[in-house]
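Starting off, we have a lone chain in the form predicted on its own, written out as structure tokens.
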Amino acid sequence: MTYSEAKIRAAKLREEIDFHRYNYHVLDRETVAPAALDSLKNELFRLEREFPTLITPDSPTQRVAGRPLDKFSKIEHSEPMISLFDAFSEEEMCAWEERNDNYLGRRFRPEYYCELKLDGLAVSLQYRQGLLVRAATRGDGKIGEDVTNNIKTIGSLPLKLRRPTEKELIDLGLDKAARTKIGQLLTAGVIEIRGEAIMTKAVFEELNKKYARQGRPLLANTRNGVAGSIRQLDPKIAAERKLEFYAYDILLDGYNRGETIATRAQADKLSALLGIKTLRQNRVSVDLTAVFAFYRATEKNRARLPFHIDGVVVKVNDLKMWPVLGVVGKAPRYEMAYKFSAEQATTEVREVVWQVGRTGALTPTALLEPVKVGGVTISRSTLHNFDEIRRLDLKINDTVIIERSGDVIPKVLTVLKNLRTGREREIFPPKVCPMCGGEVIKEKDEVAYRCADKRCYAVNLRRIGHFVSKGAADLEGLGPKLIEQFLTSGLIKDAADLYVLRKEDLLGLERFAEKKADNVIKMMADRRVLTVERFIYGLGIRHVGEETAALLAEALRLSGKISIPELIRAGQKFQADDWEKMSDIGPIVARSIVAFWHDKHDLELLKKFHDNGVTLRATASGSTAAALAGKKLAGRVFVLTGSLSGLTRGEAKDKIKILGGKTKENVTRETDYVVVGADPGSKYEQAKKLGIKILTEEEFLQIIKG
């Protein structure tokens, strides 16, 4: 066979294999016997082996391609992959609908779209010009891990999106403009599919039988099986797991929600037309009454499904309402995870231990006789506080019912008092700290018992760990073991001491070579300047999380470069009443903030940070809305694409915010400027198409400097 003949034959084979793949996996219709399909794949493999230049990125032979990776690279999501609020009853679902009424200021009774809540791993797929170019895990919602090679091993997933026919798009209800947009995105744009990677029950059982024969560790459950498949470095191992992928969202680059696709139901159908599997059990429900009926029927029949689910995701069907309802905290108002009742089991409480947190709070933890709940062995359960122990009337050696609330958190639900034998023992709060032996106190307005010694080793360890965390100083690589090594060796006493570590100090520690020591010292030097909100959050003030820290930073009205003494003076001007006037700050939080700003030990720590060279800077979030309105970039929307050489993308975003502007991830008609660095992506083309002003990096730097 000549090269020309082989090229034509290979193209036809790929087209034929994709046709049968789509019919089998998406339409659940077998159009050719599996043996015949394997024969076609083998023929294509032989042709590509004989003529390697015929291999294309979307070839079925490339599903398990490439060598194992050394590590996963990080990927920033185009839009956050947000988590969901949970509901466990009809009352909680009705309360959700009422909250939306209150938010909108009107009665809102939408049509809902009900989707099975799959028990797997959330993954985002990016198709550029119809080809799969990137797959990422959810990660922290903003940044995930690049798992493209492993995702390509999922046989039901197309490496190239199917192009729907004109009739199919018309039948879907898309007008001519929408049909044109879809065609353009398949030819020269980006389509992002988000969904759940899962392992079926049958594959799970088959693998565990195989592993048992081979003497290998068994998979705990299907969710862990999926995570262990995708989040490991060898695609051949992922291929062995025979995973599936089902879409639950689709993002069209450059278009707003509801602009091209009107409803979630329509989006699901479009995903299927593109060749992505969707759940045919998903249904439109006209109101919550219909949602409850769907939920009950699904819960009743869940055991008959080929995969595990842990509830129903209920979404507002009208996509135009999604940006209107928006996000509160870290979850959207327009959808809710309506979960099934948690799985339960009985076991005995063997002992109760008290753990010391970074604020000194003592949390009781029940040590249990190990028991399996939902495929996971549970041996510990938090008891939250001593009030919870009293509410349960819990004693050591009691038989209790354990549940995994939302299939995640082990919880002692109730005590089976009729099973008591007389050998049960009372539980008392500790009189001294179990870590340092210091005094334990309980303040009258709190439920927690607390170690009063601020120099407590356990408290200090956790406070330092909190300071170096991602939302605070973001000192990547300083994990709990390394911090403990610094403490026990006497190199540090608190987080401020991290900034005076010397290379020769580190080289004296076990397992510390030159390169590792250099990396730590450089990292500390690079993090000497922190934003006000990150620094405040990192201080670990009781009851102050990231959002409250941002509120405090804004209230202090600091700008530019700030010394820590300036921060202290600004903070001490506020009384509890001043803080309480602010939204989301109540009396307990306000008193905690004031106490921190006047506590002798806390002020000494702040002074030590200053003495050790730490300085602060304000960001746009530290300025008032009125102040921002007068800035040169006020109201301007920027999108960044490509690699910038003069500053990082994070630094560029901070500069824009300081000058009153906003940054977005996608190019829309509301975008004012697109800043283009090296190797720009589809956002550059989208900006040209929409006639949006394009800035080079040099032009952008002039704007933010001038």
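Numbering starts at 1 and follows the sequence shown. Computed from a prediction, not measured in an experiment: that's the story for all the values here.
Below, we turn to the form predicted in complex with 2-(butylsulfanyl)adenosine, even though it does not appear here.
Visitor: Taking the shortest heavy atom distance, is residue 72 within 4.5 Å of 2-(butylsulfanyl)adenosine in the model of the complex?
Guide: Residue 72 lies outside the contact set for 2-(butylsulfanyl)adenosine.
Visitor: Give a yes/no on whether residue 402 approaches 2-(butylsulfanyl)adenosine to within 4.5 Å in the model of the complex, heavy atoms considered.
Guide: Judged by the heavy-atom cut-off of 4.5 Å, residue 402 is well away from 2-(butylsulfanyl)adenosine in the model of the complex.
Visitor: Is residue 313 close to 2-(butylsulfanyl)adenosine in the model of the complex, meaning a heavy atom pair under 4.5 Å apart or at it?
Guide: Result yes; residue 313 sits at the interface with 2-(butylsulfanyl)adenosine in the model of the complex.
Visitor: Classify residue 521 as contacting or not contacting 2-(butylsulfanyl)adenosine in the model of the complex by the rule of any non-hydrogen atom within 4.5 angstroms, answering yes or no.
Guide: Judged by the heavy-atom cut-off of 4.5 Å, residue 521 is well away from 2-(butylsulfanyl)adenosine in the model of the complex.
Visitor: Out of the stretches listed (78-86, 414-422, 455-463, 102-110), which one is close to 2-(butylsulfanyl)adenosine in the model of the complex, meaning heavy atoms within 4.5 Å?
Guide: In short, 78-86.
Visitor: Ok, 192, 145, 318, 196: which has a heavy atom sitting within 4.5 Å of 2-(butylsulfanyl)adenosine in the model of the complex?
Guide: Checked against the cut-off, the match is 196.
Visitor: 245, 386, 248, 486: which sits within 4.5 Å of 2-(butylsulfanyl)adenosine in the model of the complex by any heavy atom?
Guide: Comparing distances to 2-(butylsulfanyl)adenosine in the model of the complex, the residue within 4.5 Å is 248.
Visitor: Going through 111-125 from first to last, which residues have a non-hydrogen atom within 4.5 Å of 2-(butylsulfanyl)adenosine in the model of the complex?
Guide: Heavy-atom contacts within 4.5 Å come from 115, 116, 117, 118, 122.
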